[in-house]
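Next up: a single chain in structure tokens, the form predicted alone.
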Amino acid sequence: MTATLERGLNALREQIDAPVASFFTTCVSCGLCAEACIFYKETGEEKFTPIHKLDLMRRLWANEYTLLGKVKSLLGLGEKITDADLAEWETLVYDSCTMCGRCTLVCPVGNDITLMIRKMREGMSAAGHAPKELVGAAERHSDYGSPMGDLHKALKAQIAHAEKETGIPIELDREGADYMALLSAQEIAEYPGVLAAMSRIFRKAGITWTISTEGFEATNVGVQLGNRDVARTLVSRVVAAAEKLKVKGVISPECGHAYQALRWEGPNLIGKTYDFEVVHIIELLDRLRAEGKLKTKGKDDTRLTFHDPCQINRRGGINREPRNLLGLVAENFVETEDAGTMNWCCGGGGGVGANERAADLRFKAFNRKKRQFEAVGAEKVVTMCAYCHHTLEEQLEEHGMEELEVEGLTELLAEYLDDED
């Protein structure tokens, strides 16, 4: 056995705890998780059944943690795991799972299959079986502050552009502000309009905010890759920046896994609670609406629908808030089938969108979203995750639906903000 393989198997062993043992013991092989998986539904291939993607971890558990498995292993009859197995399962674990959580939600015995995939990725990455794109992004993020490399110059350029557009200064590293806002690399590189949108909304609401030059990137590639050490480093960077600036809260941007990593996993990753609140930008905007501090004028009259990002809605619990906000600015809002908590994934999250070899599979998976949008006759799709935004635009173009506009919710609200004094 090679040292790399042993390292990967050891990483998998470390993930086998009581919840994992309970999962493998209680799974009744009902197949409901397959019916909930966009990759299985759009291809019909059994290998994409969520429970099958966990088979290597199940084998290890059966071999080493069950009486029958131990006996079989002593007799040389155990189901051994080879490096070839890991190579084969890499494409299942990283290419055909966005960790969207739909399979978890339908499991009749309450098993968190999504968490198990995350644990499976810990062993895969430790064994050197992870997509080169995610490995490279994790290295860049750890070394330079962002999965796209050093974005300090790009950030300052986008801030200057937003200030010129709005006439509102954006303060960097301001101590004692109400909030420290985070951005995703996707927003900085592709959707910089969110900065101007926040500036206008927060000025009208009387909120003070800042951006830290030491911790402005919200994306957490460690979670997507399956490397707790990287994930911990990236969360710690944001926490240190927030503590240094003594802010009351940290705003997670329109980014799904960023929200999951910081809001829900962060305290466990770093081993302590925060001294500040973590709030998603849409949560904050809905709070301002409820307080009467977010007032709009006019409405978008296009036939508009909403795409719920999995990590923010299904895994994060933000379902009502975006609909409250859409009620302010959307004249002709229509829901797609399975909207809300059971919405279908865009097919690009969890690192799948960064994985070039998964392109054909992503294309097939998106047929589900395509049919959703066509069924309601949508003219515009609004979402609250920058990577969903990117994936939707990319896939709509690939499917010949470029006329269907995609927009971020924060920017849509800013378009109709009543900011007259």
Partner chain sequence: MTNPNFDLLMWARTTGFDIALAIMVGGILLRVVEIVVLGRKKDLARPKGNPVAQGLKTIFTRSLPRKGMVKEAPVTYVGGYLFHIGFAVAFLFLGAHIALITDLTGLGWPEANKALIETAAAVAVVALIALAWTRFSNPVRRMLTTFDDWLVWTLSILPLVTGYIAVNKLFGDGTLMMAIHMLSAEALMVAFPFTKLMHAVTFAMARYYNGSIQGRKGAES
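Given the structure is predicted, the values throughout are model-derived calculations rather than measurements. Positions refer to the first chain, counted from 1.
Beyond what is shown, the protein has a form predicted together with the partner chain; the following relates to that form.
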- prompt: Applying a 4.5 Å heavy atom distance criterion, does residue 326 contact the partner chain in the predicted bound form?
  reply: no
- prompt: Even though the partner chain is not shown here, does residue 402 get within 4.5 Å of it in the predicted bound form, heavy atoms only?
  reply: no
message: At 4.5 Å between heavy atoms, is residue 316 in contact with the partner chain in the predicted bound form?
response: yes
- prompt: Does the partner chain come within 4.5 Å of any heavy atom of residue 109 in the predicted bound form?
  reply: yes
- request: Just give me the single entry in 168, 240, 172, 105 that has a non-hydrogen atom within 4.5 angstroms of the partner chain in the predicted bound form.
  value: 105
- request: Have a look at 275, 229, 143, 88 for me and say which one sits with a heavy atom within 4.5 Å of the partner chain in the predicted bound form.
  value: 275
- request: May I ask whether 18, 28 and 66 all come within 4.5 angstroms of the partner chain in the predicted bound form, judged by heavy atoms?
  value: yes
message: Only one of 353 to 361, 375 to 383, 390 to 398, 32 to 40 has heavy atoms within 4.5 Å of the partner chain in the predicted bound form; I'd like to know which.
response: 32 to 40
message: With the partner chain taken in the predicted bound form, which residues across 44 to 67 come within 4.5 angstroms through any non-hydrogen atom?
response: 46, 47, 49, 51, 52, 61, 65, 66, 67
